[in-house]
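Quick heads-up: it's one chain on its own, the form predicted alone, in structure tokens.
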Amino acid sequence: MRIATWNVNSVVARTPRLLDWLGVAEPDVLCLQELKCSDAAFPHDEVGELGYQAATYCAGRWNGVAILSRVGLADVTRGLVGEPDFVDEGALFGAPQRRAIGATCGGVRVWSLYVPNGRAPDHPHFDYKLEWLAAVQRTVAAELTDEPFALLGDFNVAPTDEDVYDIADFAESTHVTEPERRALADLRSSGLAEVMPRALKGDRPYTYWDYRQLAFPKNNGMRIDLVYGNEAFTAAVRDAYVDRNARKDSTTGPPSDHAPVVVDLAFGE
């Protein structure tokens, strides 16, 4: 089974790239984040022609998550246990923000997560981020069994200093603070372990590169798209990698600023 996660940064803008990638990579399950569209605007027909069912949770120009599956799609859950709300001043779309969706696909319980950015350590959105991550923890506690279980998505947290190209550039920033990393540690203490992708270029398998200042050609990236699984999931992992090719310019249009993380699993061996 091949399971992947990808922040597409607008599925409408990225539909040709998404369809092309599905045809090349052929994941059995794909978790998507930052759809930036309504449920009605999601390309259900197009992905359906490739054999995928789609469960979506989105409401407009911000946020939005989905799970695509060609191995079944059951027990769909939208939102986390006790998920907090956050409404920006002047926001066009109110709470709750659409950031989490779960489903059972081919016997594996997967969650597609788009963790809030946090904006700045002294911003209310940072408190919301920590509260949201606590809701992820509650959801894991409510759902975790001995069956394969995984959280996949854009966590907006770099687990270690080595997961950003230069930690000195993040001294006053989110994504690398002790409270955010403690939230990841809480997930590990709940019975989950991180699936670490192998590096294809450089020392670290970065998953995000800013569009500015030639960040991608320079490999000035961050590893913030993560996969956490229970023992039944991680024991089945045979390979994990970041598909950098999906971050490159191509004839199918401009890329997302994130690359997919792909996990290959073999159950029952």
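For every residue, the number given is its place in the sequence shown, counted from 1. Remember, it's a predicted structure, so these values are computed and weren't measured experimentally.
Omitted here: the form predicted in complex with the DNA. The next part is about that form.
Undergrad: Arg78, Arg181, Arg188, Arg119: which sits within 4.5 Å of the DNA in the predicted bound form by any heavy atom?
TA: Contact with the DNA in the predicted bound form is made by Arg119 alone.
Undergrad: Would you check, heavy atoms only and a 4.5 Å threshold, whether Arg212 touches the DNA in the predicted bound form?
TA: Heavy-atom contact with the DNA at 4.5 Å: present for Arg212.
Undergrad: Though only this chain appears here, would His44 touch the DNA in the predicted bound form if you measure heavy atom gaps against 4.5 Å?
TA: The answer is no: His44 has no heavy atom within 4.5 Å of the DNA.
Undergrad: Is Tyr241 near the DNA? Define near as a heavy atom within 4.5 Å, in the predicted bound form.
TA: Heavy-atom contact with the DNA at 4.5 Å: absent for Tyr241.
Undergrad: Is there a heavy atom of Val12 lying 4.5 Å or less from a heavy atom of the DNA in the predicted bound form?
TA: Yes - in the predicted bound form, heavy atoms of Val12 and the DNA come within 4.5 Å of each other.
Undergrad: Have a look at 139-147, 162-170, 110-118, 192-200 and name the one stretch with heavy atoms inside 4.5 Å of the DNA in the predicted bound form.
TA: Result of the contact check: 110-118.
Undergrad: With the partner left out here, which residues of 232-267 have a non-hydrogen atom within 4.5 Å of the DNA in the predicted bound form?
TA: Only a single residue, Pro254, comes within 4.5 Å of the partner.
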